[in-house]
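Only one chain is shown below, in structure tokens, and it's the form predicted alone.
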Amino acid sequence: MSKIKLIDHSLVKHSLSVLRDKTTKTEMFRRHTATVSQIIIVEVLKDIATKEITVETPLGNSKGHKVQEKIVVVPVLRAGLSMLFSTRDFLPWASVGFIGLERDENTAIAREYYQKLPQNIKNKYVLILDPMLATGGSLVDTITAVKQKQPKNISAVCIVGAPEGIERLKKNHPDVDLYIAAIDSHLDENKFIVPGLGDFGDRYFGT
């Protein structure tokens, strides 16, 4: 069964309030997206496997640790790019794949229009980045596509989600853990998260 990890952090709560505010301008929206993303990624990677190494300091040798996991980051285009930048700050060596999904405004069904994944994902740890988990269609379809490459493990990383999307994720991919900053009330008749924060991609990219 999926593990739902709600990130309870004072800085996340503060930044989420800024993101939700309809008067927040693009520059400030981007800054607080980075803050929330970084804190979530730290939580995702908290127990990642490391191996013990020896590090030579200016004054002698010290025991150290090096991350063992081979990590692939997959942002769901386009909004997922907003979380990619922060993730790369922590994981500059990680491979990056892309899956583009576009939501039909009439049916709310996601259509894939682009896919470019690293050739060898097998036995690697994949982080799928999608800031808004609404119906769950985009995230579920992305996970399905990634699973065809036989990764070792997949974690979904989101900022705001609705119960409907979370239930869909749990039903379709019970083996995928979800890390999320906020779970909102519901979806409206247009399949937007309430209270949510509007169209994430538009607000982040200023479109």
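When you see a residue number, it is the position in the sequence shown, counting from 1. Keep in mind that what you see is a predicted model, and the values were worked out from it rather than measured.
Just so it is clear, the following notes concern the form predicted in complex with a small molecule, a form of the same protein that is not shown.
Although the partner is absent from this view, Lys191 contacts the small molecule in the predicted complex, with a non-hydrogen atom inside 4.5 angstroms. Among residues of the shown chain, Met83 is not one whose heavy atoms approach the small molecule to within 4.5 Å in the predicted complex. Heavy atoms of Asp199 reach within 4.5 Å of the small molecule in the predicted complex, making it an interface residue. Taking non-hydrogen atoms only, Ala134 approaches the small molecule to within 4.5 angstroms in the predicted complex.
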